[in-house]
Each structure stands twice: as structure tokens, then as C-alpha cells.
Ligand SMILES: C[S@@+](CC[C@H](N)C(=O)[O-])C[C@H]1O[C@@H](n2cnc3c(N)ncnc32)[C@H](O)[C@@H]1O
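A lone chain, given as C-alpha cells: the form predicted on its own.
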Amino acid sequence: MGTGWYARLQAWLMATLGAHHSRLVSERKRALLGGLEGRVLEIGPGGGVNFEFYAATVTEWIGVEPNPYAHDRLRAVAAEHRVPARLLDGGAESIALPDESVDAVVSTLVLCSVGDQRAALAEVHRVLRPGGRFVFVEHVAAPRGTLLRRVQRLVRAPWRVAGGGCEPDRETWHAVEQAGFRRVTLDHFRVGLPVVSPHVAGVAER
């Protein structure tokens, strides 16, 4: 993530659009995030829209956010929700934490934009302790052969530029299933958004 006006714009979009999206999937987030305990790593936390869903059982929150212009907001929102927090530089493809060092990893609207999805999921798997959970809510590709899938493919290039690398047609659920987790539970659903209405939420156990 570069610096300058583009990174500032992306930080604003993550906070603004992220809050809107969070309202659309709030019940799923509450179910997935509300029961997390211990040390929680969140990749790409953006505008900090997930803090409201964490319970007091989260003893430490660690964020890996590559956009430096999002960091001040993240610290402020964490303090507002009284979540003990620290931030790490870098991206999800290279997480500066030891092996098996966190109890849970959270990803919401992140795997659509990471540069290397396989590497990011390998890092998630590496830092999770045995028995730990990777919980996620992501927009994904529409079914193959559908009109929406063709639209997603057609708009991929401009969507990627406008969305900080986001690609609307990634089959993210397959990547999670192939990442070496012991058990993966998936819930496919749709939300009222153009182009990116297909979503998947789930839990992957280490």
C-alpha cells in the first residue's frame, strides 16, 4: 500500500464503506466475532469496524494493516471500545508473529484484495495455535456461467483500481478449503450490494 492521496482515499473508503457493509452483515459478525477469546489477530482491519463485535474475552487485539493512514483511526476506535490493541506494519502475506501464537484470526473484506491469497492463508494457518479459529466474512465470485459472474469479470480491472486491489470475482472459499485447515464450515449468502452481492462467511479450525 503506497502513501499519498491514494492511500488516504483508501483509508477513508475503508472506514466509510466498511461501516455500511458491517451493518448489512452485523448478525453474522456478531455470531462469528462475539465468542472469540484470548489473543486475536485481525488482518486488514481498515477502519476498525469490527471492534464493536468483540467481547471482553479478547485479552489482546493485534492488527496487521498495510495502510499507514488507517492506523490513527484504528488506535482511536480500539480505545473507544476498550480493546487492548497493537498494530503491526506489513501485509497479510508476511505476518511478524511467531508460529502458533494467536487464538483466532479475523478477516472481513480482506481476502478479495490481498496480493497473494495463498500466501496470506498460509500465514493465517501458521500463526494460529492448534485448535484456533480463522473466522471470515468475504464477498466472493458469483456462480460460474451466470450474468453476474460475467459482469464481475468485465469490471475487475477498474474495480481493482478503485478498491485498493479488490477483485470481485475471487473464489475465496476454495482457497480457504485448500489452506490446510482441519475443518472448514462455510455459509454462502447474498447482501444487497451491486456486483459484490455474493458472500461467504465461515470458520476454519487449525
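Residues carry their position along the shown sequence, with the first being 1. Keep in mind that this is a model prediction, so the values were computed, not measured.
FYI, the form predicted in complex with this ligand isn't displayed, but the following is about it.
A residue is said to contact a partner when one of its heavy atoms sits within 4.5 Å of a partner heavy atom; Pro168 fails this definition for this ligand in the model of the complex, lying far away. Put simply, Gly18 is close to this ligand in the model of the complex: some heavy atom of it is within 4.5 Å.
In the model of the complex, no heavy atom of Leu41 sits within 4.5 Å of this ligand. For Gly115, a non-hydrogen atom is located within 4.5 Å of this ligand in the model of the complex, even though that partner is not displayed. Heavy atoms within 4.5 Å of this ligand in the model of the complex are found in exactly one of 171-179, 140-148, 58-66, 30-38, that being 58-66.
Contact check for Gly46, Val49 and Val110: all three have a heavy atom within 4.5 Å of this ligand in the model of the complex. Scanning 68-92 for heavy atoms within 4.5 Å of this ligand in the model of the complex gives Gly91, Ala92 in sequence order.
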